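One chain comes next, on its own, written as structure tokens: the form predicted on its own.
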């Protein structure tokens, strides 16, 4: 278990509060906040609750942080999560998107690969930029063949379909908000 002090200091900083400001908001002395943050004293549950209440944080949220993996900001190519492979492959940035509003994918369509005659539709917005190859994108009754450097952006509730009409792999980076794939 992580010590309470460093976690409290991180939380206070995240809320943009100085020790003095947190002391004033919680009705706890500045010296007490300092002692807790430096691990020189462990607060009672009542005292910790007063401090957390001043920041609008529950016990559950404060202690749940110890079970969360550290936040990850950078991903090597081999760290992308494979969510589909085959003629159409999807590799996702990050593995747990439960707290995310954004889904970022690296997609590859082999020649002739197609999402199918049945049009896709889901509650989101999506966009993409073609990096290599060609991709036929159908949105509603509009059809366009996009090449490297071209992009698309649309409301995903509209029926849509993707198909590689070229003779080489089509590679693109796409985004979907909220995550819906």
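Positions refer to the first chain, counted from 1. None of these values were measured; they are calculated from a predicted model.
Absent from the display: the form predicted together with the DNA. The rest refers to it.
Since exactly one of 151, 35, 124, 55 fits, which has a heavy atom within 4.5 Å of the DNA in the model of the complex? Comparing distances to the DNA in the model of the complex, the residue within 4.5 Å is 35.
Looking at 28, 137, 130, 113, which has any heavy atom no more than 4.5 Å from the DNA in the model of the complex? By the 4.5 Å heavy-atom cutoff, the listed residue in contact is 28.
Non-hydrogen atom contact residue 47 with the DNA in the model of the complex at 4.5 angstroms: Residue 47: contacts the DNA in the model of the complex.
Contact flag, residue 12 vs the DNA in the model of the complex, heavy atom cut 4.5 Å: Yes, contact at 4.5 Å.
Close approach of residue 20 to the DNA in the model of the complex, 4.5 Å, heavy atom: Yes, contact at 4.5 Å.
Although the partner isn't part of this model, could you tell me whether residue 147 comes within 4.5 Å of the DNA in the model of the complex, counting any heavy atom of the residue? No.
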